[in-house]
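Below you'll find only one chain, the form predicted on its own, shown as structure tokens.
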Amino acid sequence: MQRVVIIGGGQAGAHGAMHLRARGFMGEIHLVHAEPGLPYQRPPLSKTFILDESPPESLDFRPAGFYEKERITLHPTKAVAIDRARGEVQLGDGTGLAYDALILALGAAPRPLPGAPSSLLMLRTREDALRLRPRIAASREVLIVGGGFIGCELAAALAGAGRKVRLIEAQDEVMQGRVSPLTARLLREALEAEGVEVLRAARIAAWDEDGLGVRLADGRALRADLLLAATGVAPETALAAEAGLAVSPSGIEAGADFRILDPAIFAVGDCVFAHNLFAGGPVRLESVQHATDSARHVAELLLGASAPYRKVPWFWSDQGKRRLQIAGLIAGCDAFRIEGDPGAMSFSVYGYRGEELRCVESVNRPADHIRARKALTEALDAAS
């Protein structure tokens, strides 16, 4: 194997390239990254970056000199097609890039919102955040549509910066299905204590054409200086589908080793729907940990390793002064218990499936999180 091509310069793509070189791969590494600038990290976008004056390059994984030194060739253009028969990626600048192994680290994109105006603002990229900075600085009232992790992070950050924030969530609770009902309630109540007005079970019937207001199904009209949509993302699968690879609404379909139909092609990170030993079936995971670990696993496979992927999923979400850390998966849990002091925002919720511990959600209790990851890993090793 002489040439590896990676499409996508986010967490998965960049770490896959870096890990290959760090582990001694001597061939060519080509990283296709369509966004302006160097590959960068996204988590700070919804927390600190939109509110401070830090320069764009503060988010870069590595400076330009690193890629030159490590002989990782960056291609600042879009991949437009995959020619599997020729083993070539066609780039937006008209060139073809041959590969011996191809890693799809395509990520995910904001879900389209029916009826929403083209002026609707979303936060997904560094460029989005840079455009939002002056709008936020000039705003006193903000509407956020979507009460998932990103929506709650934005609400906490903006309320902490003195904005009046209203958070619109279509479900009965924020972060529904992502965390236990108890953790969701406690974190929502913390937002409300900080002045965030959380509107639950609030469905949007119409959008104002200027992108600054909505009308709810119950007839209420809401307006603000700034309206942001944070309604989740969908995996990027179009490039894989056009190449004849198996995809579904859940992502690019892959086995436990992230290999797809074509033995020369792998998919990693947010775009892949892969069999997971901990989950006991196929799952798509959105997290920095999964993006990094899945890319490193594929790099190891390309270097000759054969061990199965056996990482326990874990996640985090910083919501103002509250750091939520999750080890395991909430799906299938049928009983919960809590330890700590919810009133002081220092607690952990333990989720069980029968007698089996499956998930631990820790708020401002990092030691609990570390112990949970160790316990879940040991249980997975023992069961495998």
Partner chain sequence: MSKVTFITPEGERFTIENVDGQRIREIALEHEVPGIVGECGGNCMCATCHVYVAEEDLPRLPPMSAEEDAMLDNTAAERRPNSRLGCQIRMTPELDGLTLYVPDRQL
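Everything quoted here is computed from the prediction, not taken from an experiment. Numbering follows the first chain given and starts at 1.
Absent from the display: the form predicted in complex with its partner chain. The rest refers to it.
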- Are all three residues G37, R71 and R284 in contact with its partner chain in the predicted complex, where contact means a non-hydrogen atom within 4.5 Å? no
- Query: Thinking of its partner chain in the predicted complex, which stretch from 329-337, 26-34, 59-67, 348-356 has heavy atoms inside 4.5 Å of it?
  - Reply: 59-67
- Single option in T292, T237, N276, T231 placed near its partner chain in the predicted complex, where near means a heavy atom within 4.5 Å: T292
- For W207, is any heavy atom within 4.5 Å of its partner chain in the predicted complex, or not? no
- Task: Decide whether Q11 counts as a contact residue for its partner chain in the predicted complex under a heavy atom distance cut-off of 4.5 Å.
- Result: yes
- Query: Even though its partner chain is not shown here, does R21 get within 4.5 Å of it in the predicted complex, heavy atoms only?
  - Reply: no
- Message: in the predicted complex, is there a heavy atom of its partner chain that lies within 4.5 Å of any heavy atom of Q325, even though the partner is absent here?
- Response: yes
- Task: Heavy atoms within 4.5 Å of its partner chain in the predicted complex is the criterion; list the residues of 349-374 that meet it.
- Result: P366, A367, H369, I370, R373, K374
